[in-house]
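Below, in structure tokens: the form predicted on its own, a single chain.
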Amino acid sequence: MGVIEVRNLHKSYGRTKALNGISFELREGEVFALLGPNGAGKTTTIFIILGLLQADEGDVFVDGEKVSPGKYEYRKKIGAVLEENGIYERLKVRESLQFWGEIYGLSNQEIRRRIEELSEELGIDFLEKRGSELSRGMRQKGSLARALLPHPPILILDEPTDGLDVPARETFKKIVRKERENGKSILYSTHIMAEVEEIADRIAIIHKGNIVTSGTLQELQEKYGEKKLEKIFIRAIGYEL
């Protein structure tokens, strides 16, 4: 059993079908990439896993526990980087992280220690800046620090490098590799194929609410007779980004 199991998820917004019965699993200690263009259903899937949306049909299990409305204890096992990043406009970054540390149930001593550790690791030199003063890259670093603060065994990263410059993207990739080496299980949602080629252990390609293929990069290369993921993507869904 995977640390996260998604089984036959369906979700519609009015007449628009966002998810059409998708299934996959995140295994312990791997980076699993959910690859697809904007609007493919990646964020909807993640919101359902986190209990922020309710599926029309299907089930999600986290460490064997079924996700259901009103049951959020399992989320203590998950650190998430989402568009809504938890770094508040009016608070200093340090204050936002302090707030989240208290939400996670950490002691003040542990919060202070983790903030200093993560600031050094992530290159955060803006702890005294307010959220309203941050660049996009700073916000993403702050969001990742918030996600890593309580040492969660599972990370969910939804388009974490979207809009970032090349150095910031490289920093994120290094961190993802390091966290996997430390034993974390990582669900990585993105539309950037080069990142997936570099860091993913397994890949699922999602398009229009359907997972059209999945496997390791080598398995997909053998299946489609292509070396580059971009060409595999085009072959799999017949749609060029």
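Keep in mind the model is a prediction, meaning the values are calculated, not measured. In this text, residue numbers run from 1 along the sequence as written.
The form predicted in complex with a small molecule exists for this protein as well; it is not shown, and the discussion that follows is about that form.
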{"item": "Residue 176 within 4.5 Å of the small molecule in the predicted bound form, heavy atoms", "value": "no"}
{"item": "Interface membership of residue 214, the small molecule in the predicted bound form, 4.5 Å heavy atom rule", "value": "no"}
{"item": "Close approach of residue 95 to the small molecule in the predicted bound form, 4.5 Å, heavy atom", "value": "no"}
{"item": "In the predicted bound form, residue 205 touching the small molecule (heavy atom, 4.5 Å)", "value": "no"}
{"item": "One stretch from 40-48, 54-62, 180-188, 25-33 that, in the predicted bound form, holds residues within 4.5 Å of the small molecule by heavy atom", "value": "40-48"}
